[in-house]
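Shown below, as structure tokens, is a lone chain in the form predicted alone; questions about how it binds or moves come after it.
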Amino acid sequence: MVLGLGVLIAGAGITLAGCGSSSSGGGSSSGSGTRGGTYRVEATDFGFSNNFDPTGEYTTASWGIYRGLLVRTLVGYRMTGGVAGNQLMPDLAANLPTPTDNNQTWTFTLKSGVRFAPPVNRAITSRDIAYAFERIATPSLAAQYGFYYGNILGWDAYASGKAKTIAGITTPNDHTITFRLTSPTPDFLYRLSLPATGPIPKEVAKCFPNAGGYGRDLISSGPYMILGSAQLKITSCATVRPLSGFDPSTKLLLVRNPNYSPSTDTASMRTALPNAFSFVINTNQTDIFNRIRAGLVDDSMSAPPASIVASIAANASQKHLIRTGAADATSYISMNLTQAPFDDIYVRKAVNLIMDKTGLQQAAGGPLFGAIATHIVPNTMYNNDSSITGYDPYATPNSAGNLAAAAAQMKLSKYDPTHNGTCEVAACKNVFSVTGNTTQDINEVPVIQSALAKIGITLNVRELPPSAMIATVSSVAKNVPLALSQGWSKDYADPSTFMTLFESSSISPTGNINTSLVGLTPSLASQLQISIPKGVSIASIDARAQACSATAAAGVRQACWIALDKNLMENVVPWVPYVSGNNVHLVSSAVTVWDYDQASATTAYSHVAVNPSKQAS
């Protein structure tokens, strides 16, 4: 996921889909939680990838809001930190079913009494879930992680307009839904936890046939709803107007859903203590955290500047305001295998060997913000297996880069015709690169530029707001050669959600997550109007990834993913991974309960509370 596409993570600044661990000092802050008040959150940019339409939205920021507050799915999580936060629980489903037909048939019974928020005001049925899948399979709606569902029987026929329903999804009655798959899928329950699969009322969503439209009128199935929902007129599509509580450029305001029944939920999943949530854009990152310290804001969707974190950590009376959670995320530099000079594997290896990862770690905020990364998938996703925790194919002294080792690789490259250890040709100069404009992203740029200059590569860096950066990097038409300060967090607790970044099925014209274009075939390149340089053969991991995905035995499955991780690092080399991230939050002194949502890598909004008397105004 965009920290976590998912969920992408862009440096330490924005997370496109992913997760974390327990909060600093425990799962919640001191004090007791009572109902009431407004939980106030600010962000420099929501960074939404699809205008908050759950069908296509692929960011951790959105997933945390969906899961805790607005969108219930068949399967969910406790929304707490650590290992417990990655454990599946039934949500809309009455229980977690046992699959049949070699993990290819899954049947669910829905709970009774779950209703949509106003103005729909009716019971949620199995057909509402089936309709959500039909939206995922509709090309015009740009479902950015629709690849997770392509093996549902009849999926392609529906997507191509050859069938009016998805044959593998049946709803014999309002409380039963069955999924039939074309191949064994042991992790299918995890896939059903993703927000796009939550119920959607057709009477509203049918009015939005294009990507991103439904986000402005999202109808809640959770404990809160967007302000203005009760006033929405849905007698026809002509009467549907954007909800007053949501403007993607300024605010997202949530109030209680009067149709939500706690008896259909569990307190371990959602306690829903605040009366309202206020998410507001403030483009001044430093100001956000000054406002948190002053009690004017309670939390942030943006990462705090390292300098502010350091000053608070040094203050005995304030350091309890710092909350952290392991993000199950990797920050990385993405190299495009179709663009010079990164179409040469020796250049890509040289970039890995020259990179000052310690410098990048410091620029991102230091060890509190994450450990040095040496491969694709965070060690926590492998349960810290000893066969991978010490693995570092591009080890350098103090993780600060090794010029001699990098030059030795560069000498093998076609871009070093005189074999002097530097990239000598014009293609290595002023290479177009994209990054975010958060403090952390900007701090990382000179570290990367300095390192690459040592091997003859200079950059033309464009700094963009997070949402614009994501849109640019994920556009195949723009075909960005080098994407700096990127990040990816798991979509769910299986390494497959990182490996999907390198499968050819993940390459798409917009919302493309395979930014290195691993597995790009000549026919797909022609279809997308991408040129593959003459003599370049782009590696594919498709067959190996599919074999790992079909493996049910936990130990064998993990060993398969570890071997593929190593293959990517040594034989494909699409990234320079540099930090295995932590998410760092600052909260105000008015926050009496706080927990971390491991599944979404955000604040667990379903488990927070504030004391209004301590909130400044």
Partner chain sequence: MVALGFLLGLTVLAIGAPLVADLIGHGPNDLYRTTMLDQYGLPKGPSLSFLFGADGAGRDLFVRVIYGARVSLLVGVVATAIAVLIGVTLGLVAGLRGGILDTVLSRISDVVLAMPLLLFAIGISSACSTTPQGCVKGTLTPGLNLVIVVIAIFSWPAMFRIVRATTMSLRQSAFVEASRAIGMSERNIMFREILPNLLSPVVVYSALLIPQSILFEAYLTFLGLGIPDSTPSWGGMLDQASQLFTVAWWLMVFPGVFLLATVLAFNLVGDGLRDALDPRSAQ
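Owing to the predicted nature of the structure, the values given are computational and were not obtained by experimental measurement. Each form is matched to the other, and the largest set of C-alpha atoms that superpose within 1.5 Å is called the rigid core. Residue numbers count along the first chain shown, from 1.
The same protein also has a form predicted together with the partner chain, omitted here; what follows describes it.
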Within 4.5 Å of the partner chain in the predicted complex: all of A405, D416 and S540, by heavy atom? no
Even though the partner isn't displayed, in the predicted complex is K478 close enough to the partner chain, meaning a heavy atom within 4.5 Å? yes
Look up in the predicted complex whether P367 has a non-hydrogen atom within 4.5 angstroms of the partner chain, and give yes or no. yes
Is V447 close to the partner chain in the predicted complex, meaning a heavy atom pair under 4.5 Å apart or at it? yes
In the predicted complex, does I442 come within 4.5 Å of the partner chain, counting heavy atoms only? yes
Option from 267-275, 115-123, 91-99, 459-467 whose residues, in the predicted complex, bring a heavy atom within 4.5 Å of the partner chain: 459-467
Heavy atom within 4.5 Å of the partner chain in the predicted complex: which of A371, C237, A163, A400? A400
Could you spot which one of L218, L192, C428, V309 gets a heavy atom to within 4.5 Å of the partner chain in the predicted complex? V309
Taking the partner chain in the predicted complex, which residues of 417-433 have any heavy atom within 4.5 Å of it? F432
After a rigid core superposition, would you say the CA of D328 moves by 2 angstroms or more between the shown form and the other one, or not? no
After core superposition, I'd like to know whether D441 moves between the shown form and the other one (criterion: C-alpha shift of 2 angstroms or more). yes
Core superposition between the shown form and the other one, C-alpha change of T396 at least 2 Å: yes
